[in-house]
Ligand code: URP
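A single chain comes next, written as C-alpha cells; it is the form predicted alone.
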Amino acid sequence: MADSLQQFDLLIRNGQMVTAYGERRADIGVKDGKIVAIESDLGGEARRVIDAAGWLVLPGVIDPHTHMGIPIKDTTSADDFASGSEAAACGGVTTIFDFTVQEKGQSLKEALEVRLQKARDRCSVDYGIHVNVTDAPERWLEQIPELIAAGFRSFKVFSTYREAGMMVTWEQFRRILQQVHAHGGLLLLHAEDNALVESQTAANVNAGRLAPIYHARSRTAEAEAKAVKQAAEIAGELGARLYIVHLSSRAGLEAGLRAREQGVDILLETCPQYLLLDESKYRQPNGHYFITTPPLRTRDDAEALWQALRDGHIDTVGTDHCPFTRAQKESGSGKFHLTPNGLPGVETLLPLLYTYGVAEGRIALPRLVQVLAKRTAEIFGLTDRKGDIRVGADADLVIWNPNEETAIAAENLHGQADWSPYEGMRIAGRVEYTLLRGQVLVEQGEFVGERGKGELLRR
C-alpha cells in the first residue's frame, strides 16, 4: 500500500489495466506528467479522480505513419498538424510520426526545419519526424549522421513515384541504407517496383481503362513483393535493419517472411485499410474515394495480414493517414491516375483494431497493445517514455469503454475529411478519455485539452 498521504495530480481508479504482457485491475497515480504509482488499491489523494470501473486502461496509441498537410498531385492533404492531431487524440492516439517533404534542391536539414515549423505550437499530441530522402540523395548523404545525432533517427525512401521525382534507384537505396545503418538509424521503405507500376499504369491509361479498379490493376501485389525482395536482399548483404511501410498483400508479406527466414532484420507495418477493406470498394459509385497507395487488395490478402498480425509476424499497425475531402477526390473526374491518393484513418485506428481484432477474436488484448504501442515505441526509440503503463513512463493513457456500441460516421469524426472509408462500420466501444503526459485531452469523445502542446520527440 502506498503512503496514504501521497498526493497525485490524477488518480485513475478501478480500471482494467492492459499492457503488452497482460491485464489486471489496478489504480494508477499520476504526478507531473508521469506515472508514479500502480497498485491494486492505491491510497492517497488527488486533484482529480477518474473512476474507470468496467473500462479498459491502455497505453496511449503510437501511430508511426501519418501525413499531415502534404502535397499530393495538385492539392494538399486535408488535415494539418492542428486538425489531424486533435482527430488523433479523439481516437486514443497520443503520439504520431510524420514525414518531411523534401523539395527539389532542398537539403534534408532544410526539409526537416520546414516540417518542424508546421508542427510547432500546432500539434496537440507528441510527435516525431521521419526524414524523407527523395531528391539527389548522394548530395545529402553526409547530413544523415548529423540528423541521427540530433535525435532524428528514421529515414524513408520510395522505390516508385519516379514521375513525382521521389524515387531512389536500388543503388541509391543501398548507399542510403548503408549510411543510415552505420550511424544507428532506421530506414523505412515504400516498396513497389517502379518498372512494373509504370508499365502497367501506362498500359491501362493508354487503353482508356481509367476506372478506379485499374488503380489496383496498375499497382499489383507482384510489384510490392518484388520491391520487398530486392530491398531485403540488399539489407541482408549489409547486415542492416529495414522497415517496410504499409504492407498490403499476401505476396509482399511472404517476401518479407522469407527474408526473415534467411536472417534479414526486416520489420513489417500494415494499416487498417488493408485488414478491413478490399478492392470491391473500387467498383462502388464512389470507388475513386478509396484510391490509396498501395491499393486495396483482395479478401485473401486481408486474411493473410490478419493471420500474420495474430502470429506476431507483423510488428506495427499505422494508418498512412492522408485524408482528402470529397471535393478533392472528385478533382480527378473519377480517373484512377488523376485522383489524389490517400485515406483518413488516424482517429479510427484503435476503434477498428479493437472491434475487428479483439472483440471479434482475431487478436488478444495484449497483442493489440503490442502492435499499437509497445513494439512501435521499441522500434522508434521511445521506450524510456512511451508505449507502456509503468512507473516512470509518461502518463499517456487511453480509457476505453467496451460496453458501448457505436458506429463510425464522418459527421462525428474530428478531422477535415468530410467522409470516412469506414462509414457505418460497427465499433465495440468508445474512447472515454485520452491523456497526454497526465493532461486530459479528450473526455467523452470530445477534445477538451490545451491545443498545440504536443512535444517534439528526439530519439
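Note that the structure is a prediction, hence the values are computed from the model and not measured. Counting begins at 1, following the sequence as shown.
From this point on, the text means the form predicted together with the named molecule, which you will not see here.
Distance criterion of 4.5 Å from any heavy atom to the named molecule in the model of the complex singles out 246 from the list 246, 367, 241, 229. Here is the short version: of 97, 356, 158, 214, the single residue with a heavy atom within 4.5 Å of the named molecule in the model of the complex is 158. Among heavy atoms of residue 31, none comes within 4.5 Å of the named molecule in the model of the complex. The named molecule is not drawn, but in the model of the complex it has no heavy atom within 4.5 Å of residue 351.
Using a 4.5 Å cutoff between non-hydrogen atoms, residue 102 does not count as a contact of the named molecule in the model of the complex. For the chain shown alone, residue 342 is a contact residue for the named molecule in the model of the complex, at least one non-hydrogen atom being within 4.5 angstroms.
Remark: of stretches 142 to 150, 111 to 119, 285 to 293, 369 to 377, the one touching the named molecule in the model of the complex is 285 to 293 (heavy atom within 4.5 Å). Along 37 to 67, residues 65, 67 each place a heavy atom within 4.5 Å of the named molecule in the model of the complex.
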